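Single chain ahead, by itself, as structure tokens, in the form predicted alone.
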Amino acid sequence: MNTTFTIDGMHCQACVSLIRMELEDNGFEDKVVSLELKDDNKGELVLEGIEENDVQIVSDLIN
């Protein structure tokens, strides 16, 4: 099952890289389905197969 996160304040590829590094540093690199910029300084992260208790951990990492 995929979990989608909306990320506020994401406006460039450097933001994408920083978030990707945070996810890798915390063991979520294999769970990333997509990480991309959207309109209005927002981004979208889709992870697959994360545990329910990991949702808060990821939220803390990306916000």
Partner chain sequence: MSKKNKPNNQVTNCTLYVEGMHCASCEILIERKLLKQDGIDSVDASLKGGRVDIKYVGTEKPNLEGLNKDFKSLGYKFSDKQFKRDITPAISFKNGGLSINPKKFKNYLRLIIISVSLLVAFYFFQELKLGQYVSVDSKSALPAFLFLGLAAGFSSCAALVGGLLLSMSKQWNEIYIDKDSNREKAEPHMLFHLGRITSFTILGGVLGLLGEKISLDNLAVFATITIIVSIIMFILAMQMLGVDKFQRFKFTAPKSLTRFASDETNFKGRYMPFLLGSLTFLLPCGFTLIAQAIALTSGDFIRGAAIMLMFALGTFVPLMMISFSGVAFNSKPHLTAKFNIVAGLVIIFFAIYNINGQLNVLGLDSLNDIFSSSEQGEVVTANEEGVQIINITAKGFEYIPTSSTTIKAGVPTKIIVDNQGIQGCAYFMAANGLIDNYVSLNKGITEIDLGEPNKGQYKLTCSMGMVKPVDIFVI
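On a predicted model such as this, the values are computed, not experimentally measured, just so you know. Positions refer to the first chain, counted from 1.
One more form of this protein, predicted together with its partner chain, exists but is not displayed; see below.
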is_contact(Cys15, its partner chain) in the model of the complex, heavy atom dist at most 4.5 Å: yes
Partner proximity in the model of the complex: Thr4 to its partner chain, non-hydrogen atom cutoff 4.5 Å: no
Partner contact for Val55 in the model of the complex: its partner chain, 4.5 angstroms, heavy atom: no
Asp40 within 4.5 Å of its partner chain in the model of the complex, heavy atoms: yes
